[in-house]
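Only one chain is given next, in structure tokens, and it is the form predicted alone.
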């Protein structure tokens, strides 16, 4: 049987959206004016089963594919209603069987502006709405043409998201929708084949959208939440039977998980965060289990006492 390689590139499309952190582009929380929340996190994802099109299968030639990521993320409050968020991950991949060597290196820088345009208290609940725009771009010349061991897709991305958040006492629910426009990707070869032959080194990448819903307990700096997450490409094609994956494949995934953020007693501004996410269904994706842990500290740059 020919060597089959299967990717998990959705994890890298917007790296810090998939890895737990303090105030992110996915939640309904805003950072206070002149406060910076910053810190590192470590994430690990692995899979042995994967979907080749809609067929769930394994491949003993590559065994288990593992991906590790160290991510530095920050969120600064320009105002109470306008935040700037950035993320910079370092990624390493490996295969437990076969002769393929993994890759490692700095991946893509992400930069987002998050704006809360509606925030109103009612008798029994608070309702807020936010919008955001952002970009991500590769910082190194890594190759996207070595899936599943590439560390990313090497496309430049333009993203927009709408978020709605409702909180009743200490219980909350947050829903969001994101659309991502991806640039062409350049390969280190002069031709390639998808559903037909292309005599060029440029690949047109399909756009993507994301639906995210989370609900749980939130009080002060602490929250515990359950998450459901759906990613879907707008176009693309399936991996052919026993063939290699390609950067412009149709890559879909539905995932569920849990997130937690817990303040450290007697250390004002320091929190520990953790999450776990399981892929339940997909298309041209690995059936991955991912977990992440990290810590974040809030620096107060205002004149008032922290």
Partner chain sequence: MKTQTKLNKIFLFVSLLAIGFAACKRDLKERTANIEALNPINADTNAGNWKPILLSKPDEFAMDAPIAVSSPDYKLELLEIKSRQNQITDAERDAMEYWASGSVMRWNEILRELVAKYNLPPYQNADGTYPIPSAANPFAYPNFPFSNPPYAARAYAYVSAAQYDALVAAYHYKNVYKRPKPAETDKTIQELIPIAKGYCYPSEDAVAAGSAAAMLTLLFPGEQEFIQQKLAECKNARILAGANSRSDMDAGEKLGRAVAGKFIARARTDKAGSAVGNATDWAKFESDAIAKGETPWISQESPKRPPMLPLFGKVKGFFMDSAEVASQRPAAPPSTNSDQFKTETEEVYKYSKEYNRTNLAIVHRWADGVSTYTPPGHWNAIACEDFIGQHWSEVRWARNLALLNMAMFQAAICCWDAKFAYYNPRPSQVNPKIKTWTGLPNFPSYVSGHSTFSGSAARFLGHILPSKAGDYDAMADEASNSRLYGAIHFRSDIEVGLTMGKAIGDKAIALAIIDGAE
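Note that the structure is a prediction, hence the values are computed from the model and not measured. Positions refer to the first chain, counted from 1.
One more form of this protein exists, namely the form predicted together with the partner chain; it is left out here, but the text below deals with it.
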Query raised in the report: Does each of 66, 122 and 287 have at least one heavy atom within 4.5 Å of the partner chain in the predicted complex?
Result: no
Query raised in the report: Should residue 189 be counted as a contact of the partner chain in the predicted complex, where contact means heavy atoms within 4.5 Å?
Result: yes
Query - Exercise: residue 101 in contact with the partner chain in the predicted complex, heavy atom 4.5 Å - result: yes
Query raised in the report: Does any heavy atom of residue 183 come within 4.5 Å of a heavy atom of the partner chain in the predicted complex?
Result: yes
Query raised in the report: So in the predicted complex, does any heavy atom of residue 132 sit within 4.5 Å of the partner chain?
Result: yes
Report task. Report the stretch among 189-197, 68-76, 215-223, 164-172 that approaches the partner chain in the predicted complex to within 4.5 Å, counting heavy atoms only. Result -> 189-197
Query raised in the report: Here the chain is shown alone; which of 211, 127, 139, 158 has a heavy atom within 4.5 Å of the partner chain in the predicted complex?
Result: 158
Report summary line: Assert contact residue (the partner chain, in the predicted complex, non-hydrogen atom within 4.5 Å, options 278, 281, 268, 242) equals 242
Query raised in the report: Looking at the partner chain in the predicted complex, which residues in 143-177 have at least one heavy atom within 4.5 Å of it?
Result: 143, 145, 146, 156, 158
